[in-house]
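In structure tokens, the next block holds one chain alone, the form predicted alone.
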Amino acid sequence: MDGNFLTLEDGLQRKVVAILAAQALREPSGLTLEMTLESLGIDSLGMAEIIFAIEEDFDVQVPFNANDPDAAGLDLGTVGSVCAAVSRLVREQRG
């Protein structure tokens, strides 16, 4: 992998963490990859807002069913898993 890929991934992670932090009303520096969205106080409405922000910021479509979040095969339980899911969506949808 070249340095540009790593920089892209780091930038992606920073943007996702910033989105999550804004929804949780926290500073991005206070979030760790292991933190759960539940521990950050993010509820279903907050998750919907996060998904809209991710779709807008990354120009991707998040396959999400509010009635069954696991149906899309995306783990949205922790900060790190959301970062990984967005990275996967960007690779799949934008090439």
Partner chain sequence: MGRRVAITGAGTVNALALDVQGSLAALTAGRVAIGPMDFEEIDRLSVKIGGQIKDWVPEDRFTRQEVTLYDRAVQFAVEAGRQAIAEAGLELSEAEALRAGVVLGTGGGGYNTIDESYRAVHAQGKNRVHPFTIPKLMHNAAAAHLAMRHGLKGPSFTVSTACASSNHAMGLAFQMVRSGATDVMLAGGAESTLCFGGLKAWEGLRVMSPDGCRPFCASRNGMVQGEGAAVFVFEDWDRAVARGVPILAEVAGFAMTSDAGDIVLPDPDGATRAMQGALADADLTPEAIGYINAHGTGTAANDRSEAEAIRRVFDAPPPVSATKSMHGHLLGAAGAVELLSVISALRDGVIPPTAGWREEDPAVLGLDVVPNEARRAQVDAALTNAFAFGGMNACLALKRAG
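Positions refer to the first chain, counted from 1. This structure is a prediction, so every number in the text was calculated from the model and none was measured.
The same protein also exists as the form predicted together with the partner chain; that form is not shown, yet it is the one meant from here on.
Interface residue remark: Thr78 is not counted as part of the site for the partner chain in the predicted complex, having no heavy atom within 4.5 Å. Contact check for Glu27: no non-hydrogen atom falls within 4.5 Å of the partner chain in the predicted complex. Leu33 falls outside the set of residues with a heavy atom inside 4.5 Å of the partner chain in the predicted complex. The closest non-hydrogen atom of Ser39 lies beyond 4.5 Å of the partner chain in the predicted complex. Scanning 26-62 for heavy atoms within 4.5 Å of the partner chain in the predicted complex gives Leu45, Ala48, Glu49, Phe52, Glu55, Glu56, Val60, Gln61 in sequence order.
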